[in-house]
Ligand code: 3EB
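One chain is shown next in structure tokens, namely the form predicted on its own.
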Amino acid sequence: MHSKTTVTPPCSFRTAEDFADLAGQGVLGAVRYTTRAGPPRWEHGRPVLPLHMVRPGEPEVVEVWSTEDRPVETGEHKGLLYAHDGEVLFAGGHIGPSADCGEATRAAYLAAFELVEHLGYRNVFRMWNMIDGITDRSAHGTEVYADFCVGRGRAFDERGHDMPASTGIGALGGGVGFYFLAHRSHAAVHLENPLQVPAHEYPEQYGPRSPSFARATYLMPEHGRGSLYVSGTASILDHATVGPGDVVRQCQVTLANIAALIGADNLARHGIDGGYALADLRAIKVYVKHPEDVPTVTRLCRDEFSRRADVAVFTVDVCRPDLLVEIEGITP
């Protein structure tokens, strides 16, 4: 493990009961992975975004973003609920089901960029997007995810923000839930993977607009080590899916992609000293398309990740019909 100056709020996964016991103390914001999605809401004075990511009878998971000992200010902007502590901003929003996911996404992302600009948190370093029916056909005859990428990309073009680490994954209902983190003072270095074409350079066969995200983002403090946020990563080499129908192969390629991304050689390419291994990852989320594949994927991940890591597994669709697993995480 590396010693470092802490620059981001720690993330932990809690049960619903544990989260209730916190009563907002030390919490910047939270995400509820539950059985019903909806707009963000206030719980104990903090923004909480409900996402439909678990089925009835499955345990709810609460992803908690904590704050250091600093006063927290909260507010609302065009449907976004947010909290910030002078250094880190957490915000969540919801895009309801509509015939034009692209335009609704553009408007939501423009609101997000307006918010960070107004509050002075220009360094957006991590975004998440949970999309109902992600590979379904939209009213335009294209995939819902393709429409989402068009709207998101237009917002990035209009506001001129760098593309940070991001996840775009399926949800079980409720439109699109999204949330993000931004930092006021520390620079964000956005990383690509030498084994993959940058997502924003994908050829047109994957949609009219390439996805707008980096493979990872490193948040750099003034001194010491920073934190590395790994985007949702799948079994893709160059730009093509590897191992269609083979969940073992896809999981292995996914893990190898992350290892290459966070290793010393790739970080050096981006001007960052040192490197990380898979065992350094924390706050890991694993998305598995088919319930019957969960035991296999869990076993393969357990062999690579530290026993000290929080790992949450969700059975949801992935952004391509032939992808079976996606994994993300954070280095502390």
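Everything quoted here is computed from the prediction, not taken from an experiment. We number the residues from 1 along the sequence you see.
Omitted from view is the form predicted in complex with this ligand, to which the following refers.
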item	value
The unique member of 89, 172, 261, 234 whose heavy atoms fall within 4.5 Å of this ligand in the model of the complex	234
Partner-contacting position among 105, 167, 193, 123 - heavy atom within 4.5 Å of this ligand in the model of the complex	167
4.5 angstroms heavy atom contact with this ligand in the model of the complex for residue 82	no
Interface membership of residue 319, this ligand in the model of the complex, 4.5 Å heavy atom rule	yes
Interface membership of residue 179, this ligand in the model of the complex, 4.5 Å heavy atom rule	no
Distance check, residue 218 to this ligand in the model of the complex, heavy atom within 4.5 Å	no
Location of this ligand contact in the model of the complex, chosen stretch of 245 to 253, 209 to 217, 180 to 188, 70 to 78 [non-hydrogen atom, 4.5 Å]	209 to 217
Check all three, 129, 202 and 326, heavy atom within 4.5 Å of this ligand in the model of the complex	yes
Stretch 124 to 159 - residues with a heavy atom within 4.5 Å of this ligand in the model of the complex	129, 145, 152
